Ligand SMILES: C[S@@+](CC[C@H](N)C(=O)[O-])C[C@H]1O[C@@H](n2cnc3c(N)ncnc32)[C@H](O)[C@@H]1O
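First comes one chain, alone, set out as C-alpha cells in the form predicted on its own.
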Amino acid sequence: MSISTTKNISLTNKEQPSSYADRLGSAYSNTVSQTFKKDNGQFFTPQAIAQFMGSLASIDKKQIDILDPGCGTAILTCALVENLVEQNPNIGVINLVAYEIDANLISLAEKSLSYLKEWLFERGISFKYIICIHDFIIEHYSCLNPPSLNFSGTKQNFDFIISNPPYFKLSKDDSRVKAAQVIIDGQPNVYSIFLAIATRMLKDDGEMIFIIPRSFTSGRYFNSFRNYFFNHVQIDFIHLFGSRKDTFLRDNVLQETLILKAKPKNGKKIESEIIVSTCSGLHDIKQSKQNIYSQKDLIDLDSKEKIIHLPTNTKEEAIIKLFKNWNGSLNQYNIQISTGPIVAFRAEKFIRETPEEETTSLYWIHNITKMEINYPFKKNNKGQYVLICEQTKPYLIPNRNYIFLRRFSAKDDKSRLIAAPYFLLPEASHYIGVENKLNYIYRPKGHLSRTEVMGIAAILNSKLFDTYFRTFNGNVNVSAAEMKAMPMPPLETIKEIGKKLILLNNFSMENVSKVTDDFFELNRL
C-alpha cells in the first residue's frame, strides 16, 4: 500500500473515531520503512493502549481544552474524547491543538479529526481543532527557561495533554538540545523535552497522560530532567507492561515503556499516593492489577538523583524495603567504581590480536560472564592485548584485585547485572587494560581483599540485586553513578558471603544464589 492509498481509507458504519484513527495509523505504518520509524521515533499507539490512556482522564467541565503535541493520526485525542464524552454528559465544547511535523501524516490526522468533529456534532458537542505543522519543542521551549516562566501572556493552558512523543537520542548540536539546556545533562532523548514542556502548559487542575520509555526513571542523563519534572508536577498513576514486545508489536519495537499520569504541584508539597498498574501485554490491559503506594516509598524527592522505583509485585516491594534498610554503599566502604578508560576506536593502533613482549591483557565486555572471566576469548576486531607505552599508560590501570561489571546488557538478557571477580596474578604485568564498555570496582590507594571481591561479585550477580536494579532501571545501561548510589549490606556481610563461596570452591550461579538467598532470607520474601 502506498502513502497516497492510505488517504482513501473509508469509514465503516458507526465506527468509533479511535478505531478509524487506528486503521489509518496501521495502514500508514506499512508504507514506511523500519529505518524511517527508528530515525523519527515514530511508533503508532495501538487502539487498546489509546483507549486505556483515555480512560485515565475525568473532568466535569463544560468546555475542555486538549493538547496533543505529536498527534500522528490523532488516535490518542480520539480515545480521550470518547472517554470524556461517555463520562460527562455536560460537555458542550472541546478545543484541540495538535502538532505533527510529518507532512505525510497531516492529511491522515485531518481525516481522523474531521470524523471526530462529525461524531461529536451528532452528540451536540462543538469541536474546534488546529493542526500545527511546526516542531513542538522549537515552538514552546521558551516556557522552560526562568525568564519566561510567566510566559508574557503567551502561555496556552490545557486541561489535558496526551501524547506518545517520538523516542530517539539527540546530538549535542541539535537545535532542540540547545533550546532545552535547562533539562539537559549529557545525551538526551527527545521525549524528555516533550514531557518537560508539557509540565508548563497545564492548567492548575490539568492532567498530562503520556506513554514513554522507562529510561527516564534513573540514570545521569535524565537527572536534570527528573529534578525539573518533579519540581513542577507530581505523578499519581503509572502503568507498566510485562512484555517489551507487545506494546508496539506492529512497529517491531523492543522497548520498555510505561504510561504515566501527572498533575501540576502548584507550589504545594503534598504527600501524595501513586497508583502502580501492571499487565502482561495488550491482551490483559483491561484486567490490569493495581497497587497503591505512598509517593515517598517510590521516589525520594529529597535526594539528588530522584530515582523512581516501580515494584510490580509483593516480592519486589519487600526487596525495595530491604535495600532501604541498608545504610552502606560502595563509597562508604572506600570502594570506587569507574568506567574502563580504553575507547577501542581511539586506541586501535595499540591493540593486538596476539601477545607481544610489551603488551598486557585487555578486557572487553564479551570476556565477562557471571562470576567468570573468559580470557583470552578471541572475537573479530576485539584484540585481547594492548601495548604498554607512553601513549597508553594514562589509560591502563594498575594490576590488582577488581570486580568487572558490564556497562550494558542486551534487552532480552535474563540479568541486567553481570559481574566477575578479577584477581591479580603475581607474574602478570603491572598494568591491565579495561575497555570502555566495562565498569571496574576497586579500592583507591588500596586493595580489595579476596573475600570482598568474591562477596561483591556474588551479590551483584544475585537475583536479589538484579530484581532491585530492575525496579528503577528501565534501560540496558549500568551506570557507575547508579552503582555508587545503590544501597549495600554491611561490609562484614559481604565478606562473609565471599568467604563462604571461597570455602565451597564452587562459584557456579547455583551456589551463588543459594548462599545469597540464605544470607538475606530470600526464601521468606
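Predicted, not measured: the structure shown is a model, and the values here were computed from it. All residue numbers refer to positions in the sequence shown, first residue = 1.
There is another form of this protein, the form predicted together with the named molecule, and it is not shown here; the text below is about that form.
Check each of Glu305, Asp102, Glu256, Asp236 and return the one that places a heavy atom within 4.5 angstroms of the named molecule in the predicted bound form. None of the others qualify; the residue that does is Asp102.
If the cut-off is 4.5 angstroms on heavy atoms, which of these, Lys382, Lys203, Arg176, Arg416, is the one near the named molecule in the predicted bound form? When the named molecule is considered in the predicted bound form, the option within 4.5 Å is Arg176.
Proximity to the named molecule in the predicted bound form (heavy atom, within 4.5 Å), stretch among 129-137, 331-339, 356-364, 444-452: Partner-contacting stretch among the options: 129-137.
Do Phe229 and the named molecule come within 4.5 Å of each other in the predicted bound form, heavy atoms counted? The answer is no: Phe229 has no heavy atom within 4.5 Å of the named molecule.
Considering only heavy atoms, tell me if Cys71 and the named molecule come within 4.5 Å of each other in the predicted bound form. The answer is yes: Cys71 has a heavy atom within 4.5 Å of the named molecule.
Taking 4.5 angstroms as the cut-off for heavy atoms, does Pro166 touch the named molecule in the predicted bound form? Yes - in the predicted bound form, heavy atoms of Pro166 and the named molecule come within 4.5 Å of each other.
Check Thr45 for me: does it contact the named molecule in the predicted bound form (non-hydrogen atoms, 4.5 angstroms)? Contact with the named molecule, yes.
Going by heavy atoms, what in 211-241 lies within 4.5 angstroms of the named molecule in the predicted bound form? Heavy-atom contacts within 4.5 Å come from no residue here.
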